[in-house]
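Below you will find one chain, with nothing else, as structure tokens; this is the form predicted alone, and questions on how it binds or moves follow later.
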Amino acid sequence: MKLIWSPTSPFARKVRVAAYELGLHERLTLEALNVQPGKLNPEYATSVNPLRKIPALILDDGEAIVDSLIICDYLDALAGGDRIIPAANPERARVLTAHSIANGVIDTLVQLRYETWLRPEELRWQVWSDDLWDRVVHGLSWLEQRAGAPRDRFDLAAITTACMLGYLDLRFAGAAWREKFPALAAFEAAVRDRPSLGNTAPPQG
């Protein structure tokens, strides 16, 4: 299987962490691709993902699976199922809901990154940036309230939360989120030494 990815993409990192946790990482061949607004990538759009997003998983028969959640679900099933995504409700709904919030924070942080780094300064809209950051804070607050909940496995919600916090450190180092969200800080400290996270850490700088 081939994973189309970027070293700094938190969505691609989520898939790689999941693959490590499921014991499937050695079956993935990595192919880097740069995607950002303004880069049309017509070949990728035509042959893999018309939305030009990563990650994408190319199966051995050439079929492409897109969207990090769907890829993680596929890998979970490949590893036997019920490993990082619970098979039955209500636990399945709980994990997928928490995943959705953490994933939404990632998506918002990426938008904020584009707004404050990629968009020319004279075209930036501060009201929009403030709105995005407000969503981030509310998402972190939601996850903070649930960070101390007991869990018996490093599930997809935990994986996505860890990748989200890693991206926050990478792109918004001055956010001082650990002081504002101590339960999330304790969660991050507890999981940071997992090999799946260490082996997928994005390059700094």
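All values reported here derive from a predicted model rather than from experimental measurement. A residue's number is simply how far along the shown sequence it sits, counting from 1.
The following text describes the form predicted together with a further copy of the same chain, which does not appear among the structures shown.
Within this chain, T29 is remote from the site of a further copy of the same chain in the predicted bound form, having no heavy atom within 4.5 Å. Contact annotation for R153: none of its heavy atoms lies within 4.5 Å of a further copy of the same chain in the predicted bound form. The closest heavy atom approach of D131 to a further copy of the same chain in the predicted bound form falls within 4.5 Å. Among residues of the shown chain, G166 is not one whose heavy atoms approach a further copy of the same chain to within 4.5 Å in the predicted bound form. A heavy atom within 4.5 Å of a further copy of the same chain in the predicted bound form is found for exactly one of L33, A175, I65, L170: I65. When contacts are defined as a non-hydrogen atom within 4.5 Å, none of F11, I58 and G80 contacts a further copy of the same chain in the predicted bound form.
Using a 4.5 Å cut-off on any heavy atom, the residues of 49-65 that reach a further copy of the same chain in the predicted bound form are, in sequence order, N49, P50, L51, R52, K53, E63, A64, I65.
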